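Here we start with a single chain on its own, the form predicted alone, put down as structure tokens.
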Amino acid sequence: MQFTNDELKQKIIELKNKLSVTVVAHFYQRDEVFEMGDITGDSLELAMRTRDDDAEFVVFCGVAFMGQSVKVLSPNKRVVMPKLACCAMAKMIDSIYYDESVKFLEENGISKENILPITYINSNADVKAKVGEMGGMVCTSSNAKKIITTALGEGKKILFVPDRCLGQNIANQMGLKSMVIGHGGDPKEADIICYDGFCSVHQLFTLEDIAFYRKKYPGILIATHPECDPAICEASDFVGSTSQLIKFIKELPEEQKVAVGTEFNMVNRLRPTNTFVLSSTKPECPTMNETTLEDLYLTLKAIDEGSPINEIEVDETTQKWAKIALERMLAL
């Protein structure tokens, strides 16, 4: 039997009231799914806020690495996902590719003891565990600069995975030298050595898009996410994480026009006027949009029937070291 969206929403609300569950939804989720979230936010915010939640089940509407982060920080919670969607960036690196990156540095004259790894939170638990085991830590787009500043105090080379753009943008902000593995250059001459990963959605924004908006709307502001290419960030008026972009735009005068370079669903919810998507195409994350209202309903229904689906499990060793990497960040 097919239900309308309104019918699905009503069934979801009834199940939420009946069960010991908390539905969490990332900013990039479809509007109708986002509206069902008891807790909404970016990936780290969701993982931290669910630690203090008393519900037996966390129903996480997002992508797989986010559900893993909740499980790593709160191993006693039962974490299920309506869709086991995979972040394309997180998929670009695994523990094998991580080991190969460390080997590349060693072959180029940098000993393992002189490498301090930092992984963007957009990575799977196995990579976080590798980083934690080597003495490294996790960062987010909002705290990457602080994390890297702290890490540099150890006098080691920073291996930054998996997002080359975030690594390069932070290096540029701090006046540091960076390089991308596989793009040439001597890692001994770089402060930050970046893995060659990226967010495909944030690669959609171009300098031509910026020029178009500046010409069409003189005085417009350009606000972008640091997962964008460094050339885009350098041409922007403001660069910030998802939460920072939301705060920046909400504090603008109503008449101030702004073009935003990040995921469509979030931008579309920001404010009703004078806010534009910085792209000639719709920058919608395909994996974030996999989760539907029906998926959420079926997940809650399965919990109600005593047979939860898509439950997140992390093995004990991975959980231990990934948690250490996350907690090193939280301690700062």
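Position 1 is the first residue in the sequence shown; the rest follow in order. Just so it is clear, the model here is predicted, and its values are computed rather than measured.
Just so it is clear, the following notes concern the form predicted in complex with 1,3-dihydroxyacetonephosphate (13P), a form of the same protein that is not shown.
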query: Taking 126, 160 and 323 together, does each of them reach 1,3-dihydroxyacetonephosphate (13P) in the predicted bound form with some heavy atom inside 4.5 Å?
result: no
query: 1,3-dihydroxyacetonephosphate (13P) isn't shown here, but in the predicted bound form which of 50, 43, 291, 265 has a heavy atom within 4.5 Å of it?
result: 43
task: Could you spot which one of 169, 119, 224, 141 gets a heavy atom to within 4.5 Å of 1,3-dihydroxyacetonephosphate (13P) in the predicted bound form?
output: 141
- request: From the candidate stretches 145-153, 239-247, 94-102, 182-190, select the single one in contact with 1,3-dihydroxyacetonephosphate (13P) in the predicted bound form, where contact means a heavy atom within 4.5 Å.
  value: 239-247
message: Residue-level question: is residue 202 within 4.5 Å of 1,3-dihydroxyacetonephosphate (13P) in the predicted bound form, judged on heavy atoms?
response: yes
message: Using a 4.5 angstroms cut-off on non-hydrogen atoms, would residue 28 count as touching 1,3-dihydroxyacetonephosphate (13P) in the predicted bound form?
response: yes
